[in-house]
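Shown below, as structure tokens, is a lone chain in the form predicted on its own; questions about how it binds or moves come after it.
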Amino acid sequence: MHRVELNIPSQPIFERVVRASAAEVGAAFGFSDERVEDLKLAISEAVNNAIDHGNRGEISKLVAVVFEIDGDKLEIRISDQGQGLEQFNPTRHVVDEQNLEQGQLRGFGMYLISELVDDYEVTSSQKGTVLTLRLYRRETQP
């Protein structure tokens, strides 16, 4: 197993460091350029959520990102130091027309993440929220 850990301050500029790291890890894992771009976008959304919603932009609070390669699985954990989520509804898709008409624009990032990764889960407590993303190595199609 290979592991890379990053801790960044809750400032949006540092999301670029995580995105660049995701590109390197994805390439080392053997992802295609397109799959690396999916990974980078999913990571960007997750880190921005942790900064904005979890840590509420408090610079003293860190966002931890851990990349783990284990066989054919790449797992990424993004953790904030916020107050946690009251509830998370993974079935809510903000892009549904009804939600858009009602002005519910929140949650698009999580919808996007769910479309870009193979699997994800959210755990939350009063000590923060952890978003775990999983991407699997796929056989290339001819």
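From 1 onward, residues are counted along the sequence shown. In this text, all values refer to a predicted model and were calculated from it rather than measured experimentally.
In what follows, reference is made to the form predicted together with another copy of the chain, a form of this protein that is not presented.
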Within 4.5 Å, heavy atoms only: does V122 come near another copy of the chain in the model of the complex? no
Is there a heavy atom of R16 lying 4.5 Å or less from a heavy atom of another copy of the chain in the model of the complex? yes
In the model of the complex, does H2 come within 4.5 Å of another copy of the chain, counting heavy atoms only? yes
Heavy atom of L85 within 4.5 Å of another copy of the chain in the model of the complex: no
Taking only heavy atoms into account, state which residues of 1 to 35 are within 4.5 Å of another copy of the chain in the model of the complex, ordered by sequence. H2, R3, V4, E5, L6, N7, I8, P9, Q11, I13, F14, R16, V17, A20, S21, E24, V25, A28
